[in-house]
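Heads up, the chain below is alone and in the form predicted alone; it's given as structure tokens.
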Amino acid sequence: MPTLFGIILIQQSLALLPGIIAYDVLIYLVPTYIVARLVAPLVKKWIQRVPSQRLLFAYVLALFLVALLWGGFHEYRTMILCLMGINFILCISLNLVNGYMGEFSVGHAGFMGVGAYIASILTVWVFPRSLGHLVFPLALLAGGAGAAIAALLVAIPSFKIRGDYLAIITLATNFIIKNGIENIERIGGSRGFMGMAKLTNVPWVFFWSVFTLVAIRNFVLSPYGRGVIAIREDEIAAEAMTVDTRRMKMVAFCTSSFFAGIAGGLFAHLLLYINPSTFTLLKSTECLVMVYLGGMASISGSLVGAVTFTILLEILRPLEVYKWVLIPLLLLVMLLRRHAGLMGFREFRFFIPTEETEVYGPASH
């Protein structure tokens, strides 16, 4: 992350380049490398003796403490950390449909928009403002539920047939939701909606990110998850093995949209202003880029993709609209080298229970 701010400074003045590189190397990279080399043997022995679930908890706790220490009271850093968490929720939820199930959804931003507006309306018009953080989870859950219901309306006709129709229907749904919100003057129409309190912070985003990770990880490892993966491998063979493919698809799609709605609520209460144009096809494209950058059918890939993409957007922000020329080119080059993304069909060891490793590995290929 210090490199990120160094690159931002370089964009202001190239003359600072040598000094920034020397600063990063001497202050961050060299001390980090020395400490890592010294503690690596001890950490390796400790990891081998600790059960995977406790190891995962230790990683999560360490990550949360690092995030709190790094973010501190710096508003910009807090914003970046929150966007990383929100993008992770979006990425892992879309990966459930596009990666694990093998379908192609391109309207994820529409369901995010539904969650954002429902959560915002509840916290501004319905819930007492004085309750603040106490009712915030209820608003987020309501936003997620609204997005899941919208997804169910899409899923019922979509999964009656096989093929790539889900892509067309979700694309149309994204336009319908965006244009529908624009024409409801009561919630601001095209002017947008505001008045939300700043309820999204690092602890809340971290909590919902971990909650989403655990929920989707357990879903993928459950019998439902096995059924979803079976559909991706061969839908006809899955049906022959008594898998209710239509039901599995609808459950996975609604679960994915539910978490997109949660991400929308967090996003709205971070920026304190939402507009229909925020939830267009461009936002859905961002979700797709994160999924394919990080890797298909991979929780680890979703984490890597969301963090990498968020940092990349900040680095390239001065290029304004031209960054959308450079980012697809970078993605194209990366996919030519790694067809399944950075972590496609692979996981960090601590994301999968030890007893599941041998079973889950072959099932995901």
Partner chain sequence: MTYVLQQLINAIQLGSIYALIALGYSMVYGVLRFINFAHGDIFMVGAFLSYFAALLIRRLAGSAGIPNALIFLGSMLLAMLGTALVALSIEKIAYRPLRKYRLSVVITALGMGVFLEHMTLVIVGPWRISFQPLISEKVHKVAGVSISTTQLVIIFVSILLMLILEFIVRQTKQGMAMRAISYDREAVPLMGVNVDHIVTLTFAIASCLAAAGGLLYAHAYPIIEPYMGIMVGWKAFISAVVGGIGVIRGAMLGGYILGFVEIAAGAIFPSRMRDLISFVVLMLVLLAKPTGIFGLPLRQKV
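Positions refer to the first chain, counted from 1. Superpose the two forms; the largest set of C-alphas matching within 1.5 Å is the rigid core. From a predicted model like this one, the values you see are computed outputs, not experimental measurements.
Heads up, the form predicted together with the partner chain isn't pictured, but that's what we're talking about next.
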By the heavy atom within 4.5 Å rule, which residue out of Leu331, Val307, Val60, Leu313 makes contact with the partner chain in the predicted complex? Leu331
Which one of Thr278, Thr285, Asn201, Thr245 is close to the partner chain in the predicted complex, taking close to mean a heavy atom within 4.5 Å? Thr285
Of the listed stretches (84 to 92, 102 to 110, 135 to 143, 260 to 268), which one has a non-hydrogen atom within 4.5 Å of the partner chain in the predicted complex? 102 to 110
Let me test this: is every residue among Ile176, Tyr292 and Leu336 within 4.5 Å of the partner chain in the predicted complex, going by heavy atom positions? yes
Ile168 near the partner chain in the predicted complex, any heavy atom under 4.5 Å? yes
Although the partner isn't part of this model, could you tell me whether Glu75 comes within 4.5 Å of the partner chain in the predicted complex, counting any heavy atom of the residue? no
With the partner left out of view, is Ser120 within 4.5 angstroms of the partner chain in the predicted complex by any non-hydrogen atom? no
Given that the partner is absent here, does Asn98 sit within 4.5 Å of the partner chain in the predicted complex, heavy atoms only? yes
Contacts from 308 to 330 to the partner chain in the predicted complex (any heavy atom within 4.5 Å), listed N to C, are Val321, Tyr322, Trp324, Val325, Pro328, Leu329
Does the C-alpha of Val333 move 2 Å or more between the shown form and the other one once the rigid core is lined up? no
